[in-house]
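Next up is one chain by itself, shown in structure tokens, the form predicted alone.
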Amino acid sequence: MEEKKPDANLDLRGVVCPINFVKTKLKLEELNNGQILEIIIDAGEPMANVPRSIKEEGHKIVKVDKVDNHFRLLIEKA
């Protein structure tokens, strides 16, 4: 299956919790249901908390890739 091209991107490297989730949530609000948001977040606390919070909001994590000490997440807006 071909990976969907992101409709929006957000680079959150160096952003602390819970600000990275707040910024992700605000960016998702700009998108329509079914659109894809690509975010880059730090390993550790952001990676531990953001995906869980996104799922709790009802959105879908489509893909997670580790890139150096960061993670790239593709999120489908619910």
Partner chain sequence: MALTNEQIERYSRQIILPNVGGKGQDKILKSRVLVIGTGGLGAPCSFYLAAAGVGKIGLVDSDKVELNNLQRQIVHTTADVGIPKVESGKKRLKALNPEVEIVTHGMRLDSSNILDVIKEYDIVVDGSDNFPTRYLVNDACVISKKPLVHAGIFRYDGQIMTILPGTGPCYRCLFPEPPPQGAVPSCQEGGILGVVAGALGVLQANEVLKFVLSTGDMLVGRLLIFNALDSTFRTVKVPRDKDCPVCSEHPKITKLIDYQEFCNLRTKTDCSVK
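Residue numbers count along the first chain shown, from 1. In this text, all values refer to a predicted model and were calculated from it rather than measured experimentally.
One more form of this protein exists, namely the form predicted in complex with the partner chain; it is left out here, but the text below deals with it.
For the three marked residues, 51, 65 and 67, no heavy atom of any sits within 4.5 Å of the partner chain in the predicted bound form. At the 4.5 Å threshold, heavy atoms of residue 11 stay clear of the partner chain in the predicted bound form, well away from it. In the predicted bound form, the partner chain sits beyond 4.5 Å of every heavy atom of residue 61. Heavy atoms of residue 26 reach within 4.5 Å of the partner chain in the predicted bound form, making it an interface residue. Counting a residue when any of its non-hydrogen atoms is within 4.5 Å of the partner chain in the predicted bound form, the one hit in 41-59 is 57.
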